[in-house]
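Next up: the same protein chain in two forms, each one alone, written as structure tokens (structure 1, then structure 2).
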Structure 1
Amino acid sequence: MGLDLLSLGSQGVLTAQRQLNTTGHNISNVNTEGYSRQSVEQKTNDVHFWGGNNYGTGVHAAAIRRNYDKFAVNELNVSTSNLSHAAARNEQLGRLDDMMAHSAKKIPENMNEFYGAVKGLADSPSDMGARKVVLEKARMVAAGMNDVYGVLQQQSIDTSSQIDATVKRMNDIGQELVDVHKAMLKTPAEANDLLDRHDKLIRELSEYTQVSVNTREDGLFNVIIGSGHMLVSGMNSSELTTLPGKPDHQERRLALVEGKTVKAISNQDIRGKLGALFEYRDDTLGQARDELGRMAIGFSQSLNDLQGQGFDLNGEVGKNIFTDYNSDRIASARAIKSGDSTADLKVYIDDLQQLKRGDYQLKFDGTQYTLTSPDGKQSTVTPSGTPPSFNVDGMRVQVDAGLAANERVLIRPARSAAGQMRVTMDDPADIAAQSYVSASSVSNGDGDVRILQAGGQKEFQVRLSPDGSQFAVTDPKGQVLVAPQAYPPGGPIDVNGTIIEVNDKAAPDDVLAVSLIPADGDNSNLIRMQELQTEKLMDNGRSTVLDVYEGLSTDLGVQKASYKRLQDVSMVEHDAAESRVAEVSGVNLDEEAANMMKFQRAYMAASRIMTAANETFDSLLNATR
């Protein structure tokens, strides 16, 4: 008995010691991230049966338990992934939003200043100083466009390298997880601290992507990312990598190396920070660049077009002010194809009104071309004519050399336009201030005359009948040159060698006076240029060029605001999940202090039992002396 009492006491002491140890471990790790509180599970020893009775034989520490709630942790992982996605999107869009409100705002400001300069020049069209100002403002518009495009381009590149860095970290995590798994196999009992490390790694991984973890039969785990791609399976980890995009090799795609094969992963469903990076690069930055590009094209094309319909100070037909967006070089750069492609496409922009943003995908299955619009609509197209071409959304796609079977080509009408914008005019005298259609016109409608070919007839007037159903061409004195015919005309009209085209927007009784005699004091073309400021050139007549900027800035603002709200919501969810996990797994110092005192007492009491046993043993010895 006495001997039993001693061992009972010593076991009590040992158990209390373990408790104190664990409490100490808890207190020491109070600030360790990812640490789960541990507690010692005490059990009574097996009973001693003696004389028909069961005698208790003391206590022992059965196990060190890790306080852990699998569901709370899963929830925390999911909410971490959501939060980091929303936070990353909010941060990216916030950056763009800020740029649109501050540095990029100089684009519309420059455009307005350009129009202001044109207004100034309209007052004295032959003034070289005023002409220089107009050209200088045009340069500022182009420079502003190029700057912002450059920033967006740089962000796209930065995002790509951020993606690479993130992928590298994710691979490291995968490797670390495998190491943890290996260590776990070597540990015979519950590897509490290893499990903490495992969870911490999973937590970090879920910042980058959506993660789910399954327990395997051997006690190890499968770690699945995105919509079902195995990153770690027990002792093996796959490697994530990025592949050059197809057909745009700059848009690197995510891929998973499984053994010797490389499998591309859809960027969708990745979620987390990595998903946000892809969304930013492919959607947001693409949208911003497309919209700026549309502005650049709308602004340049409409001004270049007017230049071609008038005379400059030297009495010559006006030259382009800006880059010609329908030059062959730019037209063929709009079609993005793989490096080894033999296809030769040129994409010309014929109608600004219909120009949309986004990517068009052209696919050839060997017999038939299929075009997928940015909104996902598919249609079959057949290039026809010589050279073969087809029209879509204001673009004329000329197929000089067809696609190979099963080849895909991306068509991006406006993506790089803001970066390509340059002022190609260097002599201010080249600004065409005089329009062919002079200010002497009486116009209630939007009638316009285009000169297709200048000929012998230098001055004439297109006159509409009082009911607007007919028109005639006369000379300035009223002598009829082209007899009355139905309006609108069916095609080009020959006025004594000068070939003209009349649009269908003239109102009854309008007189469109055309003069092909250069006049250095005429400002009619400058007036028409000013009108571009408020003319709804884009989006089927719904937006001015400047409206496109406002639309973009507002759209980014809306996205930013909604991701901000989403971030707030995710933050609340994340905080709640975190406190649930903390409730179970976190260390409370007061509790540990209480435990410490408790186990100290237990230790002292148990050691007192040992003393008692010793004294009992002593008195027994003394009794036999």
Structure 2
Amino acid sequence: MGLDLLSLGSQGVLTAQRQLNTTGHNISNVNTEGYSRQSVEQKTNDVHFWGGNNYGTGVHAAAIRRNYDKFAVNELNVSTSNLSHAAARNEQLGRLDDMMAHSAKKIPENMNEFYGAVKGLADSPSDMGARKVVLEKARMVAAGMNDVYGVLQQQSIDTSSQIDATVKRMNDIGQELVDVHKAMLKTPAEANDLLDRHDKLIRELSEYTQVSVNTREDGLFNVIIGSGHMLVSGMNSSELTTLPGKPDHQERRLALVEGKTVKAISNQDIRGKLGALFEYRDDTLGQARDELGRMAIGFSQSLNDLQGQGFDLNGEVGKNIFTDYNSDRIASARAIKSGDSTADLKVYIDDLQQLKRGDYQLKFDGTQYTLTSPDGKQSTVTPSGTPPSFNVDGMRVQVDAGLAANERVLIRPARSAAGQMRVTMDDPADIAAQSYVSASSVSNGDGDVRILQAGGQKEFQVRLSPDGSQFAVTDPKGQVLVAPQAYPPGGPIDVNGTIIEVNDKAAPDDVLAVSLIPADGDNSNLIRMQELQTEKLMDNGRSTVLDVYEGLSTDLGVQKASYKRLQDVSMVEHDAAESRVAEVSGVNLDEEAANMMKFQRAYMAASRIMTAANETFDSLLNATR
């Protein structure tokens, strides 16, 4: 009797002691990040049957349970990934929006100052001081473009470095998860603290990407990122890495090392901070550079075109003020190819109004070319003519050497233009103040005459037929100099020694009058340059060059506001998910204090059972003496 009572007491003491230890463990880790509250599962011992009755045999601690809600934790991981993505995008767009509101706003200001200088020169076209001011303002526009492009380019490089650093930390987490899995296998019972460490690593991984966790049959876990890329499988961890972009090697791609193979994976569904970094580099910065590039091309090319339609102070046809964006060097640089490609493509800008931002993909499958536009639409294109070329969105893509079978190239019409912008004119006297397009022109279309070589014929008119199918060249009195022929012309036209080029945008009955007789004080070309400030050259005649900047600034602001709201919503969802996890797994000091008192009393009561057993045993011994 005494021995059984002693056993009952000792088991009660041990059980209460384990409960006290567990409660103490909870209190000690109340501020430990990721800790889940633990509790002792207490069970009665098996009964002892004797004399037709079941006698209780005490209590024991069956297990140490970890208070954990799988669904709440999964919800918290998803909300963590969403919040991290929205917060990163909001921060990135805020940084870019701030730059647009401060340093980049100098670009439209410089352009307006340039047009103001042109207006000042129009009052005295021969004033060399005013001409120097125009060139200086032109240099300020180019310098502003170059500076902002440099900042955006550096941000792109920095973002790629952040991607590499993030990938490295994700690989470290993968390896740490494998270490936790190995330790769990060596633990005979449920490894509560190791599971907490596992969940904490998953939580951190969720900040970088979208994560899902599946339990394996052996009790370990598979950790999957994105839309199904296995990062950890039980005791094995794959390695994330980045590969040079193809065909643009500077845009590094995400890849997964599986054994001896490296497989490029899509970053479209990565989400988290890593997904935000890819979106910022590939989408946001690309958009900003494209739009600034369109501004640089529109501003420079329109002014260069007018320079080519006027006379400078020396009576010569005007030279370019800015970089020629249709030079073979720049046209070739617009086609982004792999390093081993033998293709030779040149992309010329023929129509500013149709010029769009974004990447075009040109692929050759061995029999035909397929062009994918920035909006994702695909079309079949067939280069034709000599040299072979095709036209799309204001571009003329000249294929001097074709693509290899299954080769793909990127066409970026404006991505680098802001960084390429330079003032190529040194002598202020080269500014073409006088236009050789006479005021007697009658034009309903966008017809243009360009002088390739000045000759003996100083004044003439290019006349379109009523149906626009033919043209002829006459002198001011109507005498025919070039007989009627098909319009548009197939090449340069010789008008008594003056070689001209006529574009294909004239309307029926248009008259393009040309006078190559210099006139002192003529400012007609400068007035046309001023009009460019408000002329809707871009976006199919809907936007001026300055409107492109306003559109970019507005769009970035809208995106930032959208991600700010998304961050606020994600924060609410994250806090709610965190509260649900805390309700189940968090340590409540008041509750633990009450438990401590309860288990302490149980311990003391069980001790009294042992004392009673001892006293009973002593009484028995004394009775037999």
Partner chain sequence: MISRIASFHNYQSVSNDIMRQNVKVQDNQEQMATGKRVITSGDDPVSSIYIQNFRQQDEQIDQFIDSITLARNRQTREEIAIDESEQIMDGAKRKVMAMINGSLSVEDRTAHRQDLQGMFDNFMDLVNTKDESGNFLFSGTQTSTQPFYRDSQGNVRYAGDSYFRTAQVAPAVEVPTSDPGDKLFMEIDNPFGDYQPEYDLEDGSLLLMAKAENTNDADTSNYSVSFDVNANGDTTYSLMQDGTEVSAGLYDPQNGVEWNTLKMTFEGEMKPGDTINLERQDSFNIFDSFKKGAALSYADIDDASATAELHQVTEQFAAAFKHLNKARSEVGTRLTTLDRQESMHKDFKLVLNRSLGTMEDLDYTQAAIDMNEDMLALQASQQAFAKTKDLSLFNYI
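FYI, numbering is relative to structure 1, first residue = 1. Heads up, when I say rigid core I mean the largest set of C-alphas that superpose within 1.5 Å between the two forms. This structure is a prediction, so every number in the text was calculated from the model and none was measured.
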Query raised in the report: Between 1 and 2, where do we have the form predicted together with the partner chain?
Result: 1
Query raised in the report: Aligning on the rigid core, do we see the C-alpha of Gly455 shift 2 angstroms or more between structure 1 and structure 2?
Result: yes
Query - Thr498: Cα shift of 2 Å or greater between structure 1 and structure 2 (core-aligned) - result: yes
Query raised in the report: Rigid core fitted, is the C-alpha displacement of Lys43 between structure 1 and structure 2 2 Å or more?
Result: yes
Query raised in the report: In Å, how large is the CA movement of Glu615 between structure 1 and structure 2 relative to the superposed rigid core?
Result: 4.4
Report summary line: After superposing on the rigid core, the Cα of Glu592 moves between structure 1 and structure 2 by an amount in angstrom of 2.8
